[in-house]
Ligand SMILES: NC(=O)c1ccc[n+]([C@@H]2O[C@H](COP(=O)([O-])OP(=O)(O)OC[C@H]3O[C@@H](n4cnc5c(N)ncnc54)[C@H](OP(=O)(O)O)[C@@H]3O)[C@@H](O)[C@H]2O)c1
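A lone chain, given as structure tokens: the form predicted alone.
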């Protein structure tokens, strides 16, 4: 167990699976009290809280759809009741749909964009807006974006549009909330999570061929960067979009 986040209260949205789960485990291992947000995976959330508490870690789970303002507001009422303060927010919740990801540009409907934007961009905004009111001692917000937002792609177009918005929002938030609260984004390359199942084996091989490190990223590698940005070790870093991609998009730095 480390102590880089000892005494800090951290909220992780979409915290029950993939990258979110790895982030929860990483911040908890560094001494943070953890709030695990989820929308539908209640059994996974309850199991994670049980394991963390068994390990002596202060943790709760809170159900909320981050795209719905009333639910986000209620989530922060619960956090206020339980902790009264917040030091870190990780806006990890994202919309996942192979149906939308694999649509050709001419087959997309605006409703596809709205579906993704409501979680990835609107959700990031809402959680941050209501969360900063609890960050009275200052803190750090980490948003999650994607290299596709910087380089473009022929697939997943609504996602890359949403993540481009997250990067712009990150910079504006950093200006508004400085110097008390730092805001940064992690711009992720191809990380091995559930979205890989939307692709054929040949498509996965094609992606790996573009990555100088010769493999997909691992959720725990993202989580370690989150711990750094939440900790005092990154006290002079704000307003940046930090790329984690194994070299996949060197021109995106």
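The model shown is predicted, which means the values in this text are computed figures rather than measured ones. Residue numbers count along the first chain shown, from 1.
Only in words, not in the display: the form predicted together with the ligand, which the text now covers.
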Can you work out whether the ligand is within 4.5 angstroms of a heavy atom in all three of 125, 164 and 184 in the predicted complex?
-> no
Select from the listed residues 173, 141, 86, 145 the one whose heavy atoms reach within 4.5 Å of the ligand in the predicted complex.
-> 145
Picking from 35, 188, 223, 32, the single residue whose non-hydrogen atoms come within 4.5 angstroms of the ligand in the predicted complex is 188
Counting only non-hydrogen atoms, which stretch in 223 to 231, 48 to 56, 61 to 69, 24 to 32 is within 4.5 Å of the ligand in the predicted complex?
-> 61 to 69
State yes or no: in the predicted complex, is some non-hydrogen atom of residue 94 no more than 4.5 angstroms from a non-hydrogen atom of the ligand?
-> yes
Is residue 19 close enough to touch the ligand in the predicted complex, meaning at least one heavy atom pair within 4.5 Å?
-> yes
So, in the predicted complex, is residue 40 in contact with the ligand at a 4.5 angstroms heavy atom limit?
-> yes
Does any heavy atom of residue 157 come within 4.5 Å of a heavy atom of the ligand in the predicted complex?
-> no
